[in-house]
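First, one chain by itself in structure tokens, the form predicted on its own.
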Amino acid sequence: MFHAGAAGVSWKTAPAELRDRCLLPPERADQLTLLIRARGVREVVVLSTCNRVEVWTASEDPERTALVVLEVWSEVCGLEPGWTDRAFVHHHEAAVEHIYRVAASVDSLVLGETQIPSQVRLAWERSRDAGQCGFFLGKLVQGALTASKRVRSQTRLGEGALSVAGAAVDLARKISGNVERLTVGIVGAGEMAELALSGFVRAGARKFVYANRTPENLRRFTTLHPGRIEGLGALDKVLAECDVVVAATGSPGFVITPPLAVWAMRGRRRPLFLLDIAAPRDIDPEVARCPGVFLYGIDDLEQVVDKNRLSRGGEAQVAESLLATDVESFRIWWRSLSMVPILAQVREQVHAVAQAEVDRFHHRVRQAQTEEDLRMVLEDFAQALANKFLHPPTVGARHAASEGREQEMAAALRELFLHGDAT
């Protein structure tokens, strides 16, 4: 029988530096998945977002599977042994509940976070299409996504919900005051960068500079709001010009370094606010040592998030109640899986008995001369078949009665053959 497992690091358990080292981009996720499955784990889904990296599994032995996952993860990412102290591990029903809460954005840094359901779906679809995810995790993740939709439709948790990028915009507004007077730099061209741009536009920002390794990918940003487009080669000038810079490229290394920040601050009298919402991080933490530079990362969003959690606390409780109902539905289905092997054996034996009786009566059917003869043969066949099916439970019932278990057996027989009717 399959059991669920979940292991990983998140904003609640590990700092950004460790989460960066644990990141599983597609190529590395594929390598990890293949190695895990080679060690006997049946199904694997990898979820990697800006504030969590998780591996979901289905296996016969989730405790052993968790050890395999953490061991392979260490190998693939070159992690030091102590990193697992910051990892979480869930087995069995706790893993099911965790996956449902993640998909519903109840376990997110930002309650009701808008991006997480689509990220969960993409992670599952990618695993499914690669043949790494079968019926069990498929049922689990699809159930979690259905529960997520129910939470959003039956609570107000998703109304005006922030993304991480939106929380970063709120933080920028809090630390810099009126954003209408600011020059905002957006570094990156992906979804997070676009969400940050949309947030600043709604907040009233009017002057933007866009920078990316491939400037052509920024053309769509100018349809959201006019702005100057630059390549990363001009990042020093972008930093010098802007008041607030949001970095969200997802590049494997730092794109904003201390020398760039020092150059940008030469002769400058106003502060520079840097918001790093990329995974892995785009900005070298040492940049924060530069005079006049204020660096904020995802882990610094707590001051904005706390207000968000306070305002959504009641809706979160309603969401948790809805999820508990949906998790219990999955548990019922899950428990029913334990009956599949024995039911398959029963079905096979019943069909074998039925076929044997068909073979035994076949010659009598062919010899029947009249409709009355055929009816008598069919009645004999039905009686013989019924006796064949009833003999094992009859013997079993008598044996149970001889051992004083007649009430237990009677209840089972009513449940199986009389649909629970006690009369």
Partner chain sequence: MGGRALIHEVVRWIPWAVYAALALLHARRWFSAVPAEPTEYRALRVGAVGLHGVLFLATAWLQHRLPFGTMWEALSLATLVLAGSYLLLEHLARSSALAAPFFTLAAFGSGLSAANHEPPRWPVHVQSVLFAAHVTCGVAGLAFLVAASLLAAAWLLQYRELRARRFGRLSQRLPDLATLDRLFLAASIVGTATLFVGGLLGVVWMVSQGRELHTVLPKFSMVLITVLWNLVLQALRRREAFSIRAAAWMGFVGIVPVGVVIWVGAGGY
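Positions refer to the first chain, counted from 1. Only the largest set of C-alpha atoms that superpose within 1.5 Å between the two forms is called the rigid core. The model shown is predicted, which means the values in this text are computed figures rather than measured ones.
Keep in mind the form predicted together with the partner chain is missing from the figure; the text below concerns it.
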| Which of these residues, 293, 209, 205, 137, gets a heavy atom within 4.5 Å of the partner chain in the predicted bound form? | 293
| request: May I ask you to choose, among 318, 224, 288, 229, the residue with a heavy atom within 4.5 Å of the partner chain in the predicted bound form? | output: 288
| task | Go through 116-124, 213-221, 323-331, 167-175 and give me the stretch that gets within 4.5 Å of the partner chain in the predicted bound form, heavy atoms only. | result | 167-175
| Quick one: does residue 238 come within 4.5 Å of the partner chain in the predicted bound form, counting heavy atoms only? | no
| request: May I ask you to check whether residue 304 falls inside a 4.5 Å heavy atom distance of the partner chain in the predicted bound form? | output: yes
| Could you tell me if residue 300 has a non-hydrogen atom within 4.5 Å of the partner chain in the predicted bound form? | yes
| is_contact(residue 270, the partner chain) in the predicted bound form, heavy atom dist at most 4.5 Å | yes
| request: Note yes or no: does the Cα of residue 84 move by 2 Å or more between the shown form and the other one after the core is superposed? | output: no
| message | Does residue 94 shift between the shown form and the other one by 2 angstroms or more at the C-alpha, the core having been superposed? | response | no
| task | Would you say whether residue 103 is displaced between the shown form and the other one, judging by a C-alpha shift of 2 Å or more on the superposed rigid core? | result | no
